[in-house]
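Just one chain follows, in the form predicted alone, and it is written as structure tokens.
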Amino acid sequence: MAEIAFLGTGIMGVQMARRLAQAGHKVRAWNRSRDKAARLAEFGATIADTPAEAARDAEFLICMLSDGPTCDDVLLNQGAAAALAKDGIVIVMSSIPVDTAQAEAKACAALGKHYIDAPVSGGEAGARDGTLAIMAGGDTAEIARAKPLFEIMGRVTHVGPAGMGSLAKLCNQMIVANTIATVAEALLLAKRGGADPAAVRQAIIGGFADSTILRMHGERILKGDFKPGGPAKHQLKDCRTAIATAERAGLDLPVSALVRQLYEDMVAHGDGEVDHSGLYRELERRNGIG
């Protein structure tokens, strides 16, 4: 069984770390708010006081933190990457910019450590059930070393060198955000037009417009259940990163730019902590409903 440092035990991270611990791996967990990591003790994990303590001589370090600057700080400034065992592998499963992942890979190489950027999609349910889609960028041999861990958390696909996992996640997040916006608009139109939105959703399921978003987030919208699985503030972060990446590539992505603005407005109106499917509430505000 591997020794694993797991940094970041929020909504998804705690479930991913739990699965690793229950599979028999030696997990040392750290979180800025210690109580969130302490929940893992009942599953056999050790709780560390610092990122470097969690990483000390571990074979793998899994990072599931909120953004690129936080990953940089914990891995490099607070010494977590340096504390890993010789030939250890840093696995960043957070959603971070492509250039951040590439820079972290170079910094880890300078420390004699390997690096994989492996962001995930699937939300809290995917983390809990071990069905996450994992998009991995890095060396083939290192991804093979980490594959037994990935398989506990979900399904891994090697998409290219370091940084390409983060690029794949941006593509994923664009599709998620844009589809949430379209599903929310469709259900709002159904309601305003006089139909039963739940019946309209059920009629669409199984046709060309079907999707995981329609099934899962459509149901949340109908129930008004916006308890965060993926907070809107994190979706906005990814929308901003995707647009900035597109601009650097010389691309104009008008649909994604409009959806980013909708999330900007949503967060500005105080809904940053609700689920990203709560974009429906922003559309209600724009139309004077509520």
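The first residue of the sequence shown is number 1, and the count goes up from there. Here the structure is a predicted model, which means the values were calculated and not measured.
Keep in mind that the form predicted in complex with a further copy of the same chain is not shown, yet the notes after this line are about it.
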property	result
a further copy of the same chain in the predicted bound form: contacted by all of Ala23, Thr70 and Ala103, heavy atom 4.5 Å	no
Interface stretch in the predicted bound form with a further copy of the same chain - options 29 to 37, 43 to 51, 259 to 267, 56 to 64, non-hydrogen atom within 4.5 Å	259 to 267
4.5 angstroms heavy atom contact with a further copy of the same chain in the predicted bound form for Ile4	no
Contact flag, Glu151 vs a further copy of the same chain in the predicted bound form, heavy atom cut 4.5 Å	no
Contact flag, Ala85 vs a further copy of the same chain in the predicted bound form, heavy atom cut 4.5 Å	no
Close approach of Ala199 to a further copy of the same chain in the predicted bound form, 4.5 Å, heavy atom	yes
Single option in Ile96, Ala80, Ala127, Met135 placed near a further copy of the same chain in the predicted bound form, where near means a heavy atom within 4.5 Å	Met135
Selected contact from Ile213, Cys108, Ala146, Val74, since only one has a non-hydrogen atom within 4.5 angstroms of a further copy of the same chain in the predicted bound form	Ile213
Residues within stretch 161 to 183 having a non-hydrogen atom within 4.5 Å of a further copy of the same chain in the predicted bound form	Pro161, Met164, Leu167, Ala168, Cys171, Asn172, Met174, Ile175, Val176, Asn178, Thr179, Ala181, Thr182
